[in-house]
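Single chain ahead, by itself, as structure tokens, in the form predicted on its own.
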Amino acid sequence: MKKDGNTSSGRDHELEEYVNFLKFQSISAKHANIRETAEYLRDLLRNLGAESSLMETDGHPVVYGNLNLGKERTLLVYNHYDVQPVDPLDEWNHDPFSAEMEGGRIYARGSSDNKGTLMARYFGIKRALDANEIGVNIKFLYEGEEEIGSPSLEKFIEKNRGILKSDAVIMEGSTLGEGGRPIISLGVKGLLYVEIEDEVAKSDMHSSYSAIVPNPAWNIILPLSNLYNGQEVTMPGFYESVRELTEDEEKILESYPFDPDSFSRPFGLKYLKHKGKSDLVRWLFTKPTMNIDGFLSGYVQEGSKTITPRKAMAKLDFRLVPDQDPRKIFALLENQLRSRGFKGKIKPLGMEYPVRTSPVSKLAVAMTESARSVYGKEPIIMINSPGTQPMALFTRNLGIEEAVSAIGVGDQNSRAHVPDESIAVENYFLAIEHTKAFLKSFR
């Protein structure tokens, strides 16, 4: 007999399976419990009626599933089964893999990111199937390397374009914002991460020689200072491909809730770079950025030491917006630095393309309406996240036109990636119901 997810016994089963899943110590950085977790998910998808298998990569296996219901359109569901390390262990008040419950919350590594969302979607799909309220075929891609940067994902997608072909994709889940409002992200900013290094000697030198020897710190600082004015990137051609916002996207920006004081307070931030909610929101979501992540050179300990350093290194990231191309931006950066006499190394460390799905697309409309109906609150819509995830591997490499990040179980107290990660148990069941409602309306 099938368990009805809306009954007490059905909810008990959905929670029990989630707890079992949380006990797998699938830490990708330590290559721990990876295959056992993947096999568990493969069998879980088979229980759903999907064709499912483990597909090998250069790293950890991908769990692939295909639930072909003979429908016209196909939805790809992406999640990851790996989790972050638990260190520092002594800062946990709950065993990170015991899935203890206290005060209506469940504590475990991965409870929010991303096992809770994976399992909530799974049971939401099961409820939709049991109610015969699902209008699309579903493909599943569960990877085991997201928490170490998904090094095998792009190659896997390129190799398996045929079986992964779909009409839309929902990425790993978002979270619940202030007041329990579900967050729906219609895309992501892209990323270019660069390391710049200059080495002028085999050892540091007395600073009295600075009159005649080059300083690698200045060699980096001076050309970079010509590319940014404190507000905007001044590199020629940088904004050339930036896509104009649509009228619908402008409306979403206007309605986005942002309180500068609430944002600043947890960080002890003294001030923000822009004034007024409207400008802050516009810069956060629609403006590309150039950021210095770190700079290392010379003597930085207590007291003085008069040297000219032998070496300097800087790490930069550029957050990009549609339709900027990280490869073209890297070429612009390299050209500008070389034209200003920089002779050191310029090395890209990571590239991701930006994505933005139309808010009036079938996927976005179904996700928004179903969130509104389940949570009884207006969802928080982002035209794209200010952060980055490998969404473009699906839109750009697979040609999927509609992509969102939504249906998450975490909230503002979930502490993803740090000790005592947790979710409210009721948010797990709401995410299940949201998945079911979304699948009823998405065709």
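We number the residues from 1 along the sequence you see. None of these values were measured; they are calculated from a predicted model.
The following text describes the form predicted in complex with another copy of the chain, which does not appear among the structures shown.
Not one of Glu72, Glu244 and Ala424 comes within 4.5 Å of another copy of the chain in the predicted complex, counting any heavy atom. A residue is said to contact a partner when one of its heavy atoms sits within 4.5 Å of a partner heavy atom; Gly179 fails this definition for another copy of the chain in the predicted complex, lying far away. Val365 falls outside the set of residues with a heavy atom inside 4.5 Å of another copy of the chain in the predicted complex. In the predicted complex, at least one heavy atom of Ile292 sits within 4.5 Å of another copy of the chain. Shown alone here, Ser255 lies farther than 4.5 Å from another copy of the chain in the predicted complex, counting heavy atoms only.
With the partner left out here, another copy of the chain still marks one of 124-132, 357-365, 225-233, 93-101 in the predicted complex; by a 4.5 Å heavy atom cut-off that stretch is 225-233. Looking at 206-238, the residues that come within 4.5 Å of another copy of the chain in the predicted complex, counting any heavy atom, are His206, Ser207, Ser208, Tyr209, Ser210, Ala211, Ile212, Val213, Pro214, Asn215, Ala217, Trp218, Asn219, Ile221, Leu222, Leu224, Ser225, Tyr228, Asn229, Gly230.
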